[in-house]
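Here you get one chain, nothing else, as structure tokens; it is the form predicted on its own.
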């Protein structure tokens, strides 16, 4: 029996919405397969109900949709191993899924691939208060891990707007960046060890907690950012950071992007070791959250805004450095307006203006989202360029992002998805980024939406080696097919 479901007819299937892709020669799930999965996972953890499947077949943005007829919910790595071994022998394609908060179509099926959820892999295994190393299973929610770390005056080195629902395994699989990468670096530096289950069911144990381990190839880095195409991450060991005693946030208004760049440079010089975030928003972004979500700006309207966060061990010391920096910036005319706070409730309100932009954009209708890294000298050029190119064919064109590490989020909205508008955006946006030697994906990954543009950021020799690694670790190609690597022509 072939299991196939159709969901939400308002959303076209992913296989035809962005570009046509042909289903590969995988087998279809039948009743014998379902019965085997039930014997391993228990009947209640093999889901075939249409309503439940509709959720895991659709991405957070409601722009991607698959037609999977089976959702599997293993509770331990050994169950993941048994499932993958079976699927590999049967050539059944599998999509690993955590919190399903991705933005590039990496966590949902393109056709009828089996969805394997990690939500029941949610055990915290250990937390060493001396070293600050936390070991856990991959289905743990990021915010829950941070709350656990807080009990020991520690914090997770990663902070995202989706922290209340995203899974640490998904964070690692996509090498998620977040708002404090400037201070704590990316996950390649924070992940000390991990366990992954390969396509053939083999459990690859790399769960070391040694900060220094110079013994052969560091294989865990293959899985950080691989988006579930090389193996399914089941455990991770994370180096937590010491939780600061004080936080301060400054919300600033500026007249020009030139002054934004001057502020970035002076903030890094003046605030140095206490600077934890340096965020940028244009006026169109702020107009979106104030109009669509009813949030209020703490200062007057300006063409550009910055949000600076400091964190350290001494509130007095940090506030003094911030005040000195702000006074010099105001006196020089670089900053026109601003407000500073150390009160937790006000800090939360200011961060909401930045973190809820993505939510506000969805209220416009359809959102074309782009996450790129570009030289700071070109950071805002892409936004102005696209405004001129698209004009009134879009509702909104705005730019915001992690200015401290050159990560721009370019967003364009329309009432509905328009193929003609889409054709004006892609591949033009990616080609412009490629011309500037930037990256077409700064932190969201490639997933399904960006995979055929990887050549604009990576050499052909590098892509060929990636394809060889994929063939070596997953010779039947069952793990998250149609993602990350380009289509064969």
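Just so we're clear, the structure is a prediction, and the values are computed from it rather than from any experiment. Positions refer to the first chain, counted from 1.
Although it is not shown, the form predicted in complex with another copy of the chain is what the next lines describe.
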task = Heavy atom within 4.5 Å of another copy of the chain in the predicted bound form: which of 183, 369, 396, 90 fits that? Just give me the one.
result = 183
request  = Select from the listed residues 301, 389, 188, 291 the one whose heavy atoms reach within 4.5 Å of another copy of the chain in the predicted bound form.
outcome  = 188
key: Proximity to another copy of the chain in the predicted bound form (heavy atom, within 4.5 Å), stretch among 161 to 169, 319 to 327, 80 to 88, 339 to 347   = 319 to 327
message = Please tell me whether any heavy atom belonging to residue 204 falls inside 4.5 Å of a heavy atom of another copy of the chain, as the geometry stands in the predicted bound form.
response = yes
ask   = Would residue 274 show up as a contact with another copy of the chain in the predicted bound form if we use heavy atoms at 4.5 Å?
value = yes
message = At 4.5 Å between heavy atoms, is residue 70 in contact with another copy of the chain in the predicted bound form?
response = no
key: Contact label in the predicted bound form: residue 268 to another copy of the chain, heavy atom within 4.5 Å   = yes
key: All of 174, 210 and 437 within 4.5 Å of another copy of the chain in the predicted bound form, heavy atom check   = yes
ask   = From first to last in sequence, which residues of 204 to 221 have any non-hydrogen atom within 4.5 angstroms of another copy of the chain in the predicted bound form?
value = 204, 205, 210, 211, 212, 213, 214, 215, 216, 217, 218, 219, 221
